[in-house]
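Two forms of the same protein chain are encoded below as structure tokens; each is given separately, as structure 1 and structure 2.
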Structure 1
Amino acid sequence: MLFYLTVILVCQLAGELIVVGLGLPMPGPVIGMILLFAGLVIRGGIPEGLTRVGDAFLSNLSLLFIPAGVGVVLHVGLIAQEARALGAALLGSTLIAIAVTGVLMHLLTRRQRARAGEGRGETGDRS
């Protein structure tokens, strides 16, 4: 378990180094997750120990929100000043996410129905 925890932290450190070294405008842990994902794809699966470490992180996920909550409380004045922009960004991103999810769900459902129709010998398009 300690080995796989170290693997996760090394991936995060590598992501931080890449972001700082290349000056990328994204969080280092995101790059670290991409590195970990690429490693798992190359390996061809998720080791049991890594699954247990991931499950432990997920079961204690609420603890990881404490620093973010403290940051919100510390900067509540700044958040109040930018409330209109933050509200617009939240509303806009939520609407965009709903629209993209709906379109994607529609396309995937239609594709799945077409494949199911091919499997039964049907050839007509029902859309």
Structure 2
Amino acid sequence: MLFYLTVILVCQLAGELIVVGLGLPMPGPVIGMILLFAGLVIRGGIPEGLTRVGDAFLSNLSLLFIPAGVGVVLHVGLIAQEARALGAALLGSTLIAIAVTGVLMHLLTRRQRARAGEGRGETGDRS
């Protein structure tokens, strides 16, 4: 367990170093994710200990957004003042983006799905 937690943190740290070193405009953990992914591809599988550590993080992912979200208290005034613009922009653009992305992907992969015969009962994929 502790070994694989170390592996994850090493990937993140390496990601941060690459970002700072190369002056990339993206966050270190995203590069860390790519590094870990590359490691899994090279290794050709996920070690059991890593599954346990990784899934512990992912099954509680929602929790991790709470501290940043509470930061809303810092901007209550500004948000109230711009409520109409912000509300319309957030609601409108999020729904439009979901619709466009989902429908486009759905149309582009339709033939593929038909070929694979996955039209029915394609939900119970939980591991």
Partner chain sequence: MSAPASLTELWVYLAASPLTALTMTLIAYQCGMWISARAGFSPLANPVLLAVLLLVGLLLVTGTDYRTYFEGAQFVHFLLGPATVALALPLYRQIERVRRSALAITVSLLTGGAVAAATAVAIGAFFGAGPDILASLAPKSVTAAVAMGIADKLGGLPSLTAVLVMITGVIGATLGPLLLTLLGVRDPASRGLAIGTAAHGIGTARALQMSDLEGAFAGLAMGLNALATALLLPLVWGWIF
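These figures come from a predicted structure and were not determined experimentally. Rigid core here is just the name for the largest C-alpha set that superposes within 1.5 Å across the two forms. Structure 1's sequence is the ruler for residue numbers, which start at 1.
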Form selected (criterion: the form predicted together with the partner chain) | 2
Please say whether, between the two structures, the C-alpha of residue 52 moves by 2 Å or more once the core is aligned.
-> no
Relative to the superposed rigid core, does the CA atom of residue 39 travel 2 Å or more between the two structures?
-> no
Fitting the rigid core first, would the Cα of residue 9 be found 2 Å or more away between the two structures?
-> no
Value in Å for the CA shift of residue 74 between the two structures, taken after the core is superposed = 2.8
Once both forms sit on the same core, give the Cα displacement of residue 108 between the two structures in angstrom.
-> 5.7
